[in-house]
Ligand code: PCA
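Take a look at this one chain, the form predicted on its own, written out in structure tokens.
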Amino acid sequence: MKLKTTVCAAALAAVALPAAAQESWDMPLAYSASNYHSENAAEFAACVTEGTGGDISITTHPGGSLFGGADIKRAIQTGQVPIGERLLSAHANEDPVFAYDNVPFLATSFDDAEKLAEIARPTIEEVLAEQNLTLLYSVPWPPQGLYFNKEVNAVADMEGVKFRSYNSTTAKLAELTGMLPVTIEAAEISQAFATGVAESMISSGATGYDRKVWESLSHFYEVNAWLPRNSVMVNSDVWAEVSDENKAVITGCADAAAAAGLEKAIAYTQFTMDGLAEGGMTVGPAGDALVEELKVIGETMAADWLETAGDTGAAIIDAYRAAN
């Protein structure tokens, strides 16, 4: 509740809001209500509702209950909903730059991921603007690790394993490791593993914990491959109609949500590692041999991404490396 009380109080103190027609905004979310991204979005929504004096009332719809994850971005673009949250890297087929936060072993810590996001944001904003979208804030996931239903000590052990894929990066990882990619949205994870449709995935401890994957999987290997981000976006036509006063409130709430979301992600990382272990999974760092093999694969994937992202992608990576 800290987000609501501090930001909304500041927003209300800073501006005197004129009387305006009240608007109700539905905000679809792909992840469960208990996931920290969804909790953070709910706090953001409450902040906006309170901060605008009810001029704009946001209601969140977690767990893909309003739109499935794959459909959320399009729903915002076309005005079916005014606002929503989406994993942008899942849309790298539209523009490769959306997968900047999926370049393996580039930014492997929260600090580095924040630096990379700050550098990439102007470019992401430009691409989104062309799609009638305005970026409000983004929040990282914990570092990505590998889930399996068996012990894995080398890439050769992955051969033929059915692997949950959710974007071009994960599909490429499956290809290079000999696994079989199966496209599965977050809301479908539990059922996919329970029925054997999938046997492995690369994801954060948060996703596995939320979906209780220990009921079907046995091992989680920490590899810190990358820290992908969820982005909250608003339809640009809708945004243009928002008063300057309310834009200031929403922007303030968004900045606070970004900071609070980062804190939640950091705190949730160890909590979910412990939760997976308590559920019965073997949790720990991947072996040195496997890590070295994955880094070689990561170099191939990074080169492939740079080839598709072109000068735009190279500029982001070069600026990031120069800043470190």
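Because the structure is predicted, anything quoted here is derived from the model rather than measured. Residue numbers run from 1 along the displayed sequence.
There is also a form predicted together with pyroglutamic acid (PCA); it is not shown, and the following applies to it.
Within 4.5 Å of pyroglutamic acid (PCA) in the predicted complex, a heavy atom is found for all three of Trp141, Ser204 and Thr207. Within this chain, Tyr31 lines the site of pyroglutamic acid (PCA) in the predicted complex, having a heavy atom no more than 4.5 Å away. When pyroglutamic acid (PCA) is considered in the predicted complex, Leu87 lines it closely, a heavy atom lying within 4.5 Å. Within this chain, Ala186 lines the site of pyroglutamic acid (PCA) in the predicted complex, having a heavy atom no more than 4.5 Å away. When contacts are judged by a 4.5 Å heavy atom cut-off, Tyr166 counts as touching pyroglutamic acid (PCA) in the predicted complex. The partner is not drawn, yet in the predicted complex one stretch among 191 to 199, 67 to 75, 158 to 166, 122 to 130 has residues with heavy atoms inside 4.5 Å of pyroglutamic acid (PCA): 158 to 166.
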